[in-house]
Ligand code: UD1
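In the form predicted on its own, a lone chain appears below as C-alpha coordinates.
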(Lines give C-alpha, C1' and ligand atoms only; values in the text may rest on other atoms or scores of the structure.)
Protein backbone atom coordinates (compact mmCIF):
# COMPACT_ATOMS: atom_id res chain seq x y z
CA UNK A 1 0.00 0.00 0.00
CA UNK A 2 1.31 3.46 -0.90
CA UNK A 3 0.85 6.38 1.46
CA UNK A 4 0.16 9.85 0.11
CA UNK A 5 0.52 13.26 1.69
CA UNK A 6 -2.67 14.35 3.41
CA UNK A 7 -4.41 17.21 1.64
CA UNK A 8 -4.99 18.78 5.08
CA UNK A 9 -1.29 18.87 5.99
CA UNK A 10 -0.19 22.23 7.38
CA UNK A 11 2.13 23.41 4.60
CA UNK A 12 3.16 26.45 6.64
CA UNK A 13 4.94 24.26 9.17
CA UNK A 14 8.33 22.74 8.52
CA UNK A 15 10.62 20.85 10.87
CA UNK A 16 14.32 20.44 10.11
CA UNK A 17 15.98 17.26 11.39
CA UNK A 18 19.76 16.86 11.15
CA UNK A 19 21.40 13.43 11.30
CA UNK A 20 24.36 14.02 13.63
CA UNK A 21 24.75 10.79 15.59
CA UNK A 22 27.80 9.29 13.88
CA UNK A 23 31.37 9.29 15.15
CA UNK A 24 33.05 9.94 11.82
CA UNK A 25 35.88 7.44 12.34
CA UNK A 26 37.58 8.41 9.08
CA UNK A 27 38.24 11.88 10.50
CA UNK A 28 40.74 10.17 12.87
CA UNK A 29 39.62 12.40 15.73
CA UNK A 30 38.04 12.22 19.17
CA UNK A 31 35.91 15.19 18.16
CA UNK A 32 32.49 14.25 16.74
CA UNK A 33 32.51 14.80 12.99
CA UNK A 34 29.70 17.37 13.07
CA UNK A 35 31.75 19.57 15.44
CA UNK A 36 34.72 19.94 13.12
CA UNK A 37 35.11 23.60 12.08
CA UNK A 38 34.60 24.85 8.56
CA UNK A 39 35.14 28.57 7.92
CA UNK A 40 34.48 29.73 11.47
CA UNK A 41 31.48 27.47 12.19
CA UNK A 42 31.10 23.81 13.04
CA UNK A 43 29.58 21.58 10.36
CA UNK A 44 26.32 21.24 12.26
CA UNK A 45 26.08 25.01 12.87
CA UNK A 46 26.61 25.65 9.20
CA UNK A 47 23.78 23.25 8.31
CA UNK A 48 21.46 24.81 10.90
CA UNK A 49 22.24 28.28 9.54
CA UNK A 50 21.57 27.17 5.97
CA UNK A 51 18.18 25.77 6.93
CA UNK A 52 17.16 29.03 8.60
CA UNK A 53 16.09 30.37 5.19
CA UNK A 54 13.09 28.02 5.47
CA UNK A 55 12.04 29.59 8.80
CA UNK A 56 11.49 26.18 10.40
CA UNK A 57 9.08 25.86 13.31
CA UNK A 58 11.14 23.00 14.79
CA UNK A 59 14.90 22.40 14.70
CA UNK A 60 15.91 18.88 15.74
CA UNK A 61 19.40 17.40 15.95
CA UNK A 62 19.62 13.60 16.18
CA UNK A 63 22.64 12.85 18.38
CA UNK A 64 24.52 9.73 19.38
CA UNK A 65 28.31 9.65 19.64
CA UNK A 66 29.53 12.19 22.25
CA UNK A 67 26.01 13.59 22.40
CA UNK A 68 26.82 15.78 25.43
CA UNK A 69 29.59 17.54 23.50
CA UNK A 70 27.25 18.21 20.59
CA UNK A 71 24.58 19.56 22.93
CA UNK A 72 27.10 21.77 24.71
CA UNK A 73 28.43 23.13 21.42
CA UNK A 74 24.90 24.16 20.40
CA UNK A 75 23.78 25.39 23.83
CA UNK A 76 23.95 29.05 22.80
CA UNK A 77 22.65 28.69 19.25
CA UNK A 78 20.48 31.60 18.11
CA UNK A 79 17.30 29.47 17.91
CA UNK A 80 15.90 26.76 20.20
CA UNK A 81 17.13 23.28 19.32
CA UNK A 82 15.59 19.95 20.27
CA UNK A 83 17.82 16.92 20.68
CA UNK A 84 16.74 13.36 19.92
CA UNK A 85 18.96 10.44 20.91
CA UNK A 86 19.96 7.59 18.61
CA UNK A 87 21.75 5.31 21.06
CA UNK A 88 22.66 2.76 18.38
CA UNK A 89 23.65 3.75 14.87
CA UNK A 90 21.60 1.29 12.79
CA UNK A 91 21.21 3.28 9.58
CA UNK A 92 19.49 6.40 8.31
CA UNK A 93 16.02 4.89 8.59
CA UNK A 94 16.66 3.98 12.22
CA UNK A 95 17.85 7.55 12.90
CA UNK A 96 14.67 9.06 11.46
CA UNK A 97 12.54 6.54 13.38
CA UNK A 98 13.75 8.28 16.56
CA UNK A 99 11.68 11.30 15.50
CA UNK A 100 8.39 9.44 15.93
CA UNK A 101 7.84 10.33 19.63
CA UNK A 102 9.16 13.90 19.22
CA UNK A 103 6.89 14.67 16.26
CA UNK A 104 3.82 12.66 17.20
CA UNK A 105 1.63 15.79 17.22
CA UNK A 106 3.37 17.52 14.31
CA UNK A 107 1.38 18.18 11.13
CA UNK A 108 3.65 19.62 8.50
CA UNK A 109 6.68 18.86 6.35
CA UNK A 110 10.02 17.51 7.59
CA UNK A 111 13.35 18.24 5.94
CA UNK A 112 16.00 15.58 6.62
CA UNK A 113 19.57 16.88 6.36
CA UNK A 114 22.91 15.15 6.89
CA UNK A 115 25.22 16.63 9.51
CA UNK A 116 28.22 16.26 7.22
CA UNK A 117 26.86 17.99 4.08
CA UNK A 118 27.54 21.69 4.81
CA UNK A 119 27.60 23.37 1.39
CA UNK A 120 23.92 23.40 0.44
CA UNK A 121 22.85 26.83 -0.78
CA UNK A 122 19.78 28.62 0.54
CA UNK A 123 18.31 28.60 -2.96
CA UNK A 124 18.60 24.81 -3.22
CA UNK A 125 16.81 24.18 0.07
CA UNK A 126 14.13 26.70 -0.90
CA UNK A 127 13.57 25.03 -4.28
CA UNK A 128 13.36 21.61 -2.67
CA UNK A 129 10.70 22.68 -0.16
CA UNK A 130 8.72 24.76 -2.65
CA UNK A 131 8.62 21.90 -5.17
CA UNK A 132 7.53 19.52 -2.44
CA UNK A 133 4.67 21.79 -1.42
CA UNK A 134 3.54 22.87 -4.87
CA UNK A 135 3.36 19.29 -6.12
CA UNK A 136 1.86 18.05 -2.83
CA UNK A 137 4.40 15.24 -2.76
CA UNK A 138 4.64 12.64 -0.07
CA UNK A 139 8.42 12.85 -0.47
CA UNK A 140 10.85 14.93 -2.51
CA UNK A 141 14.45 13.84 -2.99
CA UNK A 142 17.44 16.03 -3.81
CA UNK A 143 19.39 14.43 -6.64
CA UNK A 144 22.31 15.30 -8.87
CA UNK A 145 23.61 14.34 -12.29
CA UNK A 146 27.12 12.87 -11.90
CA UNK A 147 29.15 12.11 -15.03
CA UNK A 148 30.95 9.37 -13.05
CA UNK A 149 28.38 8.09 -10.53
CA UNK A 150 30.26 4.99 -9.40
CA UNK A 151 29.65 4.29 -5.72
CA UNK A 152 26.41 6.28 -5.50
CA UNK A 153 22.87 4.99 -5.31
CA UNK A 154 20.96 5.64 -8.56
CA UNK A 155 17.57 7.33 -8.73
CA UNK A 156 15.29 6.35 -11.63
CA UNK A 157 12.49 8.73 -12.71
CA UNK A 158 9.83 9.06 -15.36
CA UNK A 159 9.54 12.08 -17.64
CA UNK A 160 7.87 14.11 -14.87
CA UNK A 161 10.72 13.43 -12.40
CA UNK A 162 8.51 11.06 -10.42
CA UNK A 163 10.79 8.54 -8.75
CA UNK A 164 10.15 4.97 -9.88
CA UNK A 165 13.08 3.22 -8.25
CA UNK A 166 16.20 3.77 -6.11
CA UNK A 167 18.96 1.19 -6.49
CA UNK A 168 22.24 1.03 -4.57
CA UNK A 169 25.35 1.02 -6.73
CA UNK A 170 26.34 -2.52 -5.77
CA UNK A 171 22.89 -3.79 -6.78
CA UNK A 172 22.75 -2.01 -10.18
CA UNK A 173 22.79 -3.99 -13.39
CA UNK A 174 25.18 -2.97 -16.14
CA UNK A 175 22.38 -1.02 -17.82
CA UNK A 176 21.29 0.65 -14.60
CA UNK A 177 24.84 1.83 -13.92
CA UNK A 178 24.57 4.02 -17.01
CA UNK A 179 22.06 6.20 -15.14
CA UNK A 180 23.86 9.33 -13.93
CA UNK A 181 21.22 10.60 -11.48
CA UNK A 182 22.39 9.93 -7.93
CA UNK A 183 20.76 10.28 -4.53
CA UNK A 184 22.15 13.24 -2.56
CA UNK A 185 20.70 11.99 0.73
CA UNK A 186 18.62 15.13 1.34
CA UNK A 187 14.86 14.59 1.70
CA UNK A 188 11.64 16.48 2.27
CA UNK A 189 8.66 14.47 3.57
CA UNK A 190 5.07 15.01 4.48
CA UNK A 191 5.46 13.94 8.08
CA UNK A 192 2.04 12.31 8.31
CA UNK A 193 2.85 10.06 5.34
CA UNK A 194 6.38 9.27 6.56
CA UNK A 195 5.21 8.49 10.10
CA UNK A 196 2.85 5.85 8.69
CA UNK A 197 5.61 3.90 6.97
CA UNK A 198 8.64 4.34 9.24
CA UNK A 199 7.62 1.46 11.53
CA UNK A 200 7.45 -0.82 8.47
CA UNK A 201 11.17 -0.53 7.70
CA UNK A 202 13.17 -3.76 7.74
CA UNK A 203 16.87 -4.43 8.28
CA UNK A 204 16.85 -7.54 6.12
CA UNK A 205 19.98 -6.62 4.15
CA UNK A 206 23.72 -7.27 4.14
CA UNK A 207 24.43 -4.39 6.53
CA UNK A 208 21.49 -5.24 8.84
CA UNK A 209 20.60 -1.54 8.85
CA UNK A 210 17.36 0.36 8.34
CA UNK A 211 17.63 2.44 5.16
CA UNK A 212 15.53 5.56 4.80
CA UNK A 213 15.44 5.08 1.03
CA UNK A 214 13.32 1.95 1.55
CA UNK A 215 10.32 4.13 2.49
CA UNK A 216 10.19 5.57 -1.04
CA UNK A 217 8.56 2.41 -2.38
CA UNK A 218 5.77 2.88 0.19
CA UNK A 219 5.05 6.57 -0.58
CA UNK A 220 3.40 8.36 -3.50
CA UNK A 221 4.15 10.63 -5.18
CA UNK A 222 7.91 10.82 -4.71
CA UNK A 223 9.67 13.39 -6.87
CA UNK A 224 13.33 14.14 -7.62
CA UNK A 225 14.81 17.65 -7.76
CA UNK A 226 18.24 17.93 -9.38
CA UNK A 227 20.75 20.29 -7.77
CA UNK A 228 22.47 22.45 -10.39
CA UNK A 229 25.86 22.60 -8.65
CA UNK A 230 27.17 19.16 -7.69
CA UNK A 231 29.61 20.68 -5.20
CA UNK A 232 26.70 21.51 -2.90
CA UNK A 233 26.16 17.90 -1.92
CA UNK A 234 29.78 17.14 -1.06
CA UNK A 235 29.89 15.05 2.11
CA UNK A 236 32.67 15.32 4.68
CA UNK A 237 34.16 11.96 5.66
CA UNK A 238 37.86 12.80 6.12
CA UNK A 239 40.22 15.74 6.48
CA UNK A 240 40.93 15.90 2.76
CA UNK A 241 37.23 16.35 2.00
CA UNK A 242 37.04 18.96 4.77
CA UNK A 243 39.82 20.92 3.05
CA UNK A 244 38.07 20.58 -0.31
CA UNK A 245 34.86 21.93 1.21
CA UNK A 246 36.78 24.87 2.66
CA UNK A 247 38.21 25.72 -0.78
CA UNK A 248 34.71 25.64 -2.29
CA UNK A 249 33.34 27.82 0.49
CA UNK A 250 36.18 30.31 0.08
CA UNK A 251 35.63 30.56 -3.67
CA UNK A 252 31.97 31.40 -3.11
CA UNK A 253 32.72 34.01 -0.46
CA UNK A 254 35.44 35.81 -2.40
CA UNK A 255 33.43 35.78 -5.62
CA UNK A 256 30.50 37.36 -3.76
CA UNK A 257 32.61 40.18 -2.33
CA UNK A 258 34.49 40.90 -5.55
CA UNK A 259 31.17 41.21 -7.37
CA UNK A 260 30.07 43.62 -4.61
CA UNK A 261 32.96 46.02 -5.21
CA UNK A 262 35.79 44.62 -3.05
CA UNK A 263 39.27 44.26 -4.54
CA UNK A 264 41.09 41.07 -3.56
CA UNK A 265 44.61 40.73 -4.84
CA UNK A 266 45.75 37.11 -5.18
CA UNK A 267 42.48 35.56 -3.92
CA UNK A 268 44.10 32.15 -3.52
CA UNK A 269 46.30 33.55 -0.73
CA UNK A 270 43.38 35.19 1.13
CA UNK A 271 40.78 33.57 3.42
CA UNK A 272 37.51 35.20 4.52
CA UNK A 273 34.89 33.70 6.82
CA UNK A 274 31.32 34.04 5.62
CA UNK A 275 30.50 35.89 8.84
CA UNK A 276 32.72 38.80 7.69
CA UNK A 277 31.12 41.94 6.21
CA UNK A 278 33.05 44.12 3.73
CA UNK A 279 32.01 47.50 2.36
CA UNK A 280 32.58 48.75 -1.19
CA UNK A 281 36.11 49.76 -2.22
CA UNK A 282 37.80 47.72 0.46
CA UNK A 283 41.16 46.37 -0.75
CA UNK A 284 42.41 43.03 0.56
CA UNK A 285 46.12 42.50 -0.06
CA UNK A 286 47.77 39.04 -0.35
CA UNK A 287 48.27 36.75 2.65
CA UNK A 288 45.44 38.35 4.61
CA UNK A 289 42.88 36.45 6.68
CA UNK A 290 39.56 37.82 7.95
CA UNK A 291 37.71 35.75 10.52
CA UNK A 292 34.70 35.72 12.81
CA UNK A 293 32.37 38.67 13.23
CA UNK A 294 34.56 41.20 11.46
CA UNK A 295 33.36 44.32 9.65
CA UNK A 296 35.61 46.38 7.38
CA UNK A 297 34.51 49.87 6.35
CA UNK A 298 34.56 51.38 2.87
CA UNK A 299 37.94 52.28 1.41
CA UNK A 300 39.99 50.38 3.99
CA UNK A 301 43.15 48.65 2.80
CA UNK A 302 43.96 45.48 4.72
CA UNK A 303 47.29 43.70 4.35
CA UNK A 304 49.46 42.35 3.04
CA UNK A 305 50.16 39.73 5.68
CA UNK A 306 47.44 40.58 8.20
CA UNK A 307 44.99 38.69 10.43
CA UNK A 308 41.76 40.28 11.68
CA UNK A 309 39.20 38.43 13.77
CA UNK A 310 36.04 39.57 15.52
CA UNK A 311 36.90 43.22 14.99
CA UNK A 312 35.50 46.47 13.58
CA UNK A 313 37.72 48.27 11.07
CA UNK A 314 36.64 51.78 10.08
CA UNK A 315 36.60 53.56 6.74
CA UNK A 316 39.91 54.26 5.01
CA UNK A 317 41.98 52.42 7.61
CA UNK A 318 45.39 51.27 6.40
CA UNK A 319 46.52 48.09 8.12
CA UNK A 320 49.68 46.23 7.12
CA UNK A 321 51.42 43.11 8.46
CA UNK A 322 49.44 43.25 11.68
CA UNK A 323 47.13 41.20 13.91
CA UNK A 324 43.84 42.60 15.25
CA UNK A 325 41.50 40.54 17.43
CA UNK A 326 38.36 41.50 19.37
CA UNK A 327 39.07 45.19 18.82
CA UNK A 328 37.93 48.40 17.09
CA UNK A 329 39.95 50.61 14.75
CA UNK A 330 38.17 53.80 13.72
CA UNK A 331 38.32 55.71 10.44
CA UNK A 332 41.48 57.00 8.77
CA UNK A 333 43.85 55.29 11.20
CA UNK A 334 47.10 53.58 10.20
CA UNK A 335 48.11 50.32 11.84
CA UNK A 336 51.44 48.55 11.40
CA UNK A 337 53.58 47.15 10.16
CA UNK A 338 53.85 44.49 12.85
CA UNK A 339 51.33 45.87 15.33
CA UNK A 340 49.14 43.73 17.59
CA UNK A 341 45.75 44.94 18.84
CA UNK A 342 43.84 42.58 21.12
CA UNK A 343 41.43 42.15 23.99
CA UNK A 344 38.94 44.98 23.35
CA UNK A 345 41.45 47.56 22.19
CA UNK A 346 39.73 50.62 20.72
CA UNK A 347 41.73 52.96 18.50
CA UNK A 348 40.24 56.35 17.60
CA UNK A 349 40.18 58.22 14.30
CA UNK A 350 43.29 59.52 12.52
CA UNK A 351 45.67 57.63 14.79
CA UNK A 352 48.89 55.82 14.05
CA UNK A 353 49.72 52.56 15.75
CA UNK A 354 53.08 51.72 14.26
CA UNK A 355 55.94 49.27 14.15
CA UNK A 356 55.99 46.64 16.90
CA UNK A 357 53.32 48.28 19.05
CA UNK A 358 51.02 46.12 21.15
CA UNK A 359 47.73 47.49 22.48
CA UNK A 360 45.68 45.37 24.88
CA UNK A 361 42.33 46.28 26.43
CA UNK A 362 43.00 49.98 25.96
CA UNK A 363 41.19 53.00 24.53
CA UNK A 364 43.18 55.38 22.35
CA UNK A 365 41.72 58.82 21.57
CA UNK A 366 41.56 60.52 18.18
CA UNK A 367 44.79 61.75 16.55
CA UNK A 368 46.95 59.87 19.05
CA UNK A 369 50.17 58.23 17.89
CA UNK A 370 52.22 55.31 19.15
CA UNK A 371 54.66 55.00 16.31
CA UNK A 372 56.99 52.24 17.42
CA UNK A 373 58.21 49.74 20.00
CA UNK A 374 55.61 50.26 22.74
CA UNK A 375 53.18 48.33 24.93
CA UNK A 376 49.88 49.83 26.06
CA UNK A 377 47.87 47.59 28.36
CA UNK A 378 44.75 48.48 30.39
CA UNK A 379 45.27 52.11 29.42
CA UNK A 380 43.07 55.05 28.48
CA UNK A 381 44.69 57.66 26.26
CA UNK A 382 43.12 61.00 25.40
CA UNK A 383 43.32 62.89 22.13
CA UNK A 384 46.58 64.01 20.49
CA UNK A 385 48.70 61.93 22.85
CA UNK A 386 52.17 61.00 21.57
CA UNK A 387 53.78 57.80 22.82
CA UNK A 388 57.58 57.83 22.45
CA UNK A 389 59.50 54.78 21.28
CA UNK A 390 59.93 52.13 23.94
CA UNK A 391 57.15 53.39 26.23
CA UNK A 392 55.41 50.72 28.26
CA UNK A 393 52.57 50.68 30.74
CA UNK A 394 53.65 48.41 33.58
CA UNK A 395 50.12 47.25 34.30
CA UNK A 396 50.70 43.96 36.14
CA UNK A 397 51.97 43.70 39.72
CA UNK A 398 52.23 39.92 39.66
CA UNK A 399 48.67 39.43 40.95
CA UNK A 400 46.36 42.07 39.45
CA UNK A 401 46.17 44.31 36.39
CA UNK A 402 46.01 48.09 36.98
CA UNK A 403 44.93 51.01 34.76
CA UNK A 404 46.92 53.86 33.27
CA UNK A 405 45.24 57.13 32.19
CA UNK A 406 46.92 59.73 29.98
CA UNK A 407 45.19 63.06 29.40
CA UNK A 408 44.88 64.95 26.13
CA UNK A 409 48.12 66.10 24.48
CA UNK A 410 50.34 64.25 26.95
CA UNK A 411 53.68 63.08 25.56
CA UNK A 412 55.98 60.31 26.73
CA UNK A 413 59.70 60.34 25.98
CA UNK A 414 61.58 57.37 24.62
CA UNK A 415 61.92 54.41 26.99
CA UNK A 416 59.38 55.68 29.51
CA UNK A 417 57.90 53.23 32.00
CA UNK A 418 54.48 54.13 33.40
CA UNK A 419 53.86 52.10 36.57
CA UNK A 420 50.14 51.53 37.07
CA UNK A 421 47.88 52.48 38.69
CA UNK A 422 48.73 55.88 37.29
CA UNK A 423 46.85 58.95 36.11
CA UNK A 424 48.51 61.77 34.17
CA UNK A 425 46.45 64.84 33.35
CA UNK A 426 46.46 66.79 30.08
CA UNK A 427 49.58 68.43 28.64
CA UNK A 428 52.05 66.37 30.66
CA UNK A 429 55.47 65.70 29.15
CA UNK A 430 57.50 62.71 30.34
CA UNK A 431 61.26 63.05 29.96
CA UNK A 432 62.99 60.27 28.06
CA UNK A 433 64.08 57.31 30.17
CA UNK A 434 61.76 58.12 33.06
CA UNK A 435 60.00 55.69 35.37
CA UNK A 436 56.80 57.36 36.53
CA UNK A 437 55.02 56.06 39.65
CA UNK A 438 52.99 59.03 40.94
CA UNK A 439 49.94 60.78 39.53
CA UNK A 440 50.37 64.19 37.89
CA UNK A 441 47.50 66.68 37.61
CA UNK A 442 48.55 68.15 34.27
CA UNK A 443 50.55 70.86 32.49
CA UNK A 444 53.88 69.63 33.79
CA UNK A 445 57.24 68.15 32.90
CA UNK A 446 57.94 64.87 34.68
CA UNK A 447 61.48 63.57 35.11
CA UNK A 448 61.78 60.22 36.82
CA UNK A 449 65.34 59.07 36.20
CA UNK A 450 68.71 59.02 38.01
CA UNK A 451 71.00 61.99 37.54
CA UNK A 452 73.80 61.37 35.05
CA UNK A 453 77.22 60.93 36.67
CA UNK A 454 80.46 61.55 34.69
CA UNK A 455 83.90 60.44 35.99
CA UNK A 456 86.65 61.94 33.76
CA UNK A 457 89.64 59.71 33.04
CA UNK A 458 87.96 56.54 34.26
CA UNK A 459 88.34 53.43 32.17
CA UNK A 460 88.12 49.71 32.71
CA UNK A 461 91.53 48.23 33.47
CA UNK A 462 92.75 45.45 31.21
CA UNK A 463 93.82 42.06 32.53
CA UNK A 464 97.51 42.90 31.84
CA UNK A 465 97.36 46.07 33.93
CA UNK A 466 95.72 44.19 36.77
CA UNK A 467 98.52 41.54 36.87
CA UNK A 468 101.27 44.21 36.76
CA UNK A 469 99.89 46.01 39.79
CA UNK A 470 99.96 42.94 42.03
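Residue numbers count along the first chain shown, from 1. All of these numbers come straight from a predicted model, not from anything done at the bench. We call the rigid core whatever largest set of C-alpha positions still superposes within 1.5 Å between the two forms.
The same protein has a further form, the form predicted together with the ligand, not shown here; the description that follows concerns it.
J.: At the 4.5 Å heavy atom threshold, is residue 90 in contact with the ligand in the model of the complex?
T.: Output for residue 90 is yes: heavy atoms within 4.5 Å of the ligand.
J.: Is there a heavy atom of residue 161 lying 4.5 Å or less from a heavy atom of the ligand in the model of the complex?
T.: No - in the model of the complex, heavy atoms of residue 161 and the ligand never come within 4.5 Å of each other.
J.: Within a 4.5 Å heavy atom cut-off, is residue 237 in contact with the ligand in the model of the complex?
T.: Yes - in the model of the complex, heavy atoms of residue 237 and the ligand come within 4.5 Å of each other.
J.: Can you check whether residue 86 is within 4.5 Å of the ligand in the model of the complex, heavy atom basis?
T.: Looking in the model of the complex, residue contacts with the ligand include residue 86, since a heavy atom lies within 4.5 Å.
J.: Counting any non-hydrogen atom inside 4.5 Å, which residue from 188, 345, 215, 95 sits next to the ligand in the model of the complex?
T.: Looking at 188, 345, 215, 95 one by one, just 95 meets the 4.5 Å heavy-atom criterion.
J.: If the cut-off is 4.5 angstroms on heavy atoms, which of these, 184, 282, 138, 224, is the one near the ligand in the model of the complex?
T.: Among 184, 282, 138, 224, a heavy atom within 4.5 Å of the ligand in the model of the complex occurs only for 184.
J.: Quick one: which of 299 to 307, 358 to 366, 110 to 118, 378 to 386 gets within 4.5 Å of the ligand in the model of the complex, going by heavy atoms?
T.: Looking at the partner contacts, the answer comes out as 110 to 118.
J.: Looking in the model of the complex, is the ligand within 4.5 Å of a heavy atom from each of 46, 257 and 272?
T.: Contact check failed for every one of 46, 257 and 272.
J.: Judged by heavy atom distances of 4.5 Å or less, which residues of 125 to 155 approach the ligand in the model of the complex?
T.: Read in sequence order, the residues that approach the ligand (within 4.5 Å, in the model of the complex) are 152, 153.
J.: Against the rigid core, is the Cα displacement of residue 171 between this form and the one not shown at least 2 Å?
T.: The answer is yes; the displacement is at least 2 Å.
J.: Look at residue 180 and decide if its Cα position differs by 2 Å or more between this form and the one not shown after superposing on the rigid core.
T.: Shift of 2 Å or more: yes.
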